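Just the one chain here, laid out as structure tokens, in the form predicted on its own.
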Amino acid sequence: MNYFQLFNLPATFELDLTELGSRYLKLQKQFHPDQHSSGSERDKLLAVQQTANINDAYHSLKQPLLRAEHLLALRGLKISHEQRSFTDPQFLMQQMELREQLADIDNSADPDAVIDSIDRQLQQQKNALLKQLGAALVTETSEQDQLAADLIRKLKFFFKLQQELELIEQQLQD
């Protein structure tokens, strides 16, 4: 299913999220199972299925990584469930250093300052990679799609580190 077509939006990485939200609400209202409560069992089932599709599509298009993966899948490059390792030594070293910083937060004299520092690093890296990803997805060539796929893989590491940092911060507050 093409999520962009479902919402009648252009298949691009840069999306107007406000417009996406309003189209989502309109579709939800149109296909909500309550609207079809007096219909046949088949109509009710179709409404439930369509609502699930709308929810899945909205969830995917709202999040940059899932949106980018969907764009690549529409272009024939599916990476959503792959398990692939990196060969970029600089990137791997950076990930190891960030993981060491996360592990050392508990031993820090000022954990809040360390958390803020790591958070800034992660945000900078994510923003830079998201910008590169947007540029790579503009040009629909296999070379640019491969570059976009590699950027998505890298971004997944940063998003995961961000989640781990938030968990550590929450544990320290408890």
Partner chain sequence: MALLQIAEPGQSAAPHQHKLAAGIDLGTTNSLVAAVRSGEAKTLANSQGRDMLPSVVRYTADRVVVGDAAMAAAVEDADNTIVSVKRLMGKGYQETAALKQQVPYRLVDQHGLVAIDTVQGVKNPVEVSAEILATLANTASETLGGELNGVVITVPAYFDDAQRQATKDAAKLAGLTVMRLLNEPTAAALAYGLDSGQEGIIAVYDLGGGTFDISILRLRRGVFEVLATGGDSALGGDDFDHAIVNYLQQQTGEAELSHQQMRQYLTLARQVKEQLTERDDVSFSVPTARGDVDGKLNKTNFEQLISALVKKTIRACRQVLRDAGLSNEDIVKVVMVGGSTRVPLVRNQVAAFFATEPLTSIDPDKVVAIGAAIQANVLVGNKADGDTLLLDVIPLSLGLETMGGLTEKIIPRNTVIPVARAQEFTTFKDGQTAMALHVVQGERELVDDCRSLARFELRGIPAMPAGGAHVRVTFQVDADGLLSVTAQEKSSGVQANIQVKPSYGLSDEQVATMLKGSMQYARQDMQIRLLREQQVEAERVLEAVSQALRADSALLGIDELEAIEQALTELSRVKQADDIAAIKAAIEHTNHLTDDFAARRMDQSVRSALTGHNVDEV
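Residue numbers count along the first chain shown, from 1. Just so we're clear, the structure is a prediction, and the values are computed from it rather than from any experiment.
Another form, the form predicted in complex with its partner chain, is not on view; read the next lines as being about it.
- Residue-level contacts in the predicted bound form: of Q124, T141, Q49, S117, one residue has a heavy atom within 4.5 Å of its partner chain, and it is Q49.
- Within this chain, L27 lines the site of its partner chain in the predicted bound form, having a heavy atom no more than 4.5 Å away.
- Put simply, E19 is close to its partner chain in the predicted bound form: some heavy atom of it is within 4.5 Å.
- Interface residue remark: A128 is not counted as part of the site for its partner chain in the predicted bound form, having no heavy atom within 4.5 Å.
- Within 4.5 Å of some heavy atom of its partner chain in the predicted bound form lies at least one heavy atom of D34.
- Annotated contact segment (heavy atom within 4.5 Å of its partner chain in the predicted bound form): 54-62, selected among 107-115, 145-153, 131-139, 54-62.
- Taking a 4.5 Å heavy atom cutoff to its partner chain in the predicted bound form, the contacting residues in 1-20 are L6, F7, N8, E19.
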